[in-house]
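Shown below, as structure tokens, is a lone chain in the form predicted on its own; questions about how it binds or moves come after it.
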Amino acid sequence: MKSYSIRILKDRLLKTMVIILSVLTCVPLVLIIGKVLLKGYRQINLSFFTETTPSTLDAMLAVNNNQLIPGGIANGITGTMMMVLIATVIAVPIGLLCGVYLSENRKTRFAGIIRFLTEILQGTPSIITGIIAYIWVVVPMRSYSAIAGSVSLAIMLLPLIIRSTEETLNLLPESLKEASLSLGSSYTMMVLKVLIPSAFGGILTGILLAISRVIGETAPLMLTALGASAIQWDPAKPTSAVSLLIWEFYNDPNLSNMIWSASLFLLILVLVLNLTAKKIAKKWKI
């Protein structure tokens, strides 16, 4: 009876400790989100999404008159979307092919080398990918550009897409492959028509999570996209991004209020991507 009581006491102590540690883990996140919400909502209006960033003079006059800072982050939104779209177009086909190869050749030496390099690439600091993209794209083009920024983001997307594709395909039953091949399907058609469609939910979820991971990166874009004060649709020219604008606002005291609004927008965008990925994963659960 005594030993039973001791076990009950230990169980309650461990449960209490887990609850306390969980709450302590959530406290910083709640404080950060609360701070961003309280300070960020003030600048959110239609012009915030449709107009470009204001000049220092306009911002200073607005602050001195206790008015909202005019302008918005339209140039950052369009630049972010363009670079993420180009990066996704570059990274997804390569990531899918590598993920399929690793899943279908799990024990080969070459697959092990690719898997090892993927893990190294995933742990590489983002500033290093920016330097690589600078050498590969900016130097030959002799200009900063959205293409260079997209290449740096694509490098960061690759390992995430490769690993999510491989893990998702590994969850598929072998009977799917065997049934397709037994019906006379070629190996290529089996991969394209059976394996990838069957794992579509998990693959798409991995892609969305990878995008939400890189969409707020700043360091590689500072070395590649550089930034632009106007909306730029030419991918061969410098362009802005929301993360770059946050850095620019931080360096200008007159635009400090815009930091919180831009951060709130980026936070909501990442949240939407994560919720979408979660919903897709639930609907297409293997």
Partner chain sequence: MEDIILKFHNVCVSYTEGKNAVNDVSADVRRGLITSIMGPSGCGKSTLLRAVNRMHELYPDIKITGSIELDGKDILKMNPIMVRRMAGMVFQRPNPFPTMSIYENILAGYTLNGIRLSRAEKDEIVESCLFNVGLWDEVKDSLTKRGSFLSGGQQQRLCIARALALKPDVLLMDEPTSALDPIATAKIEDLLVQLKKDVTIVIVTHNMGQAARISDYSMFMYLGELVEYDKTQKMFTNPKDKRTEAYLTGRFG
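Given the structure is predicted, the values throughout are model-derived calculations rather than measurements. Positions refer to the first chain, counted from 1.
If you look for the form predicted in complex with the partner chain, you will not find it shown, but the lines that follow are about it.
- The stretch that touches the partner chain in the predicted complex, counting heavy atoms within 4.5 Å, is 184 to 192, out of 184 to 192, 156 to 164, 129 to 137, 203 to 211.
- Contact annotation for residue 97: none of its heavy atoms lies within 4.5 Å of the partner chain in the predicted complex.
- The shortest heavy atom separation between residue 81 and the partner chain in the predicted complex exceeds 4.5 Å.
- At the 4.5 Å threshold, heavy atoms of residue 111 stay clear of the partner chain in the predicted complex, well away from it.
- In the predicted complex, the partner chain stays beyond 4.5 Å of every heavy atom belonging to residue 117.
- Residue-level contacts in the predicted complex: of 90, 176, 121, 74, one residue has a heavy atom within 4.5 Å of the partner chain, and it is 176.
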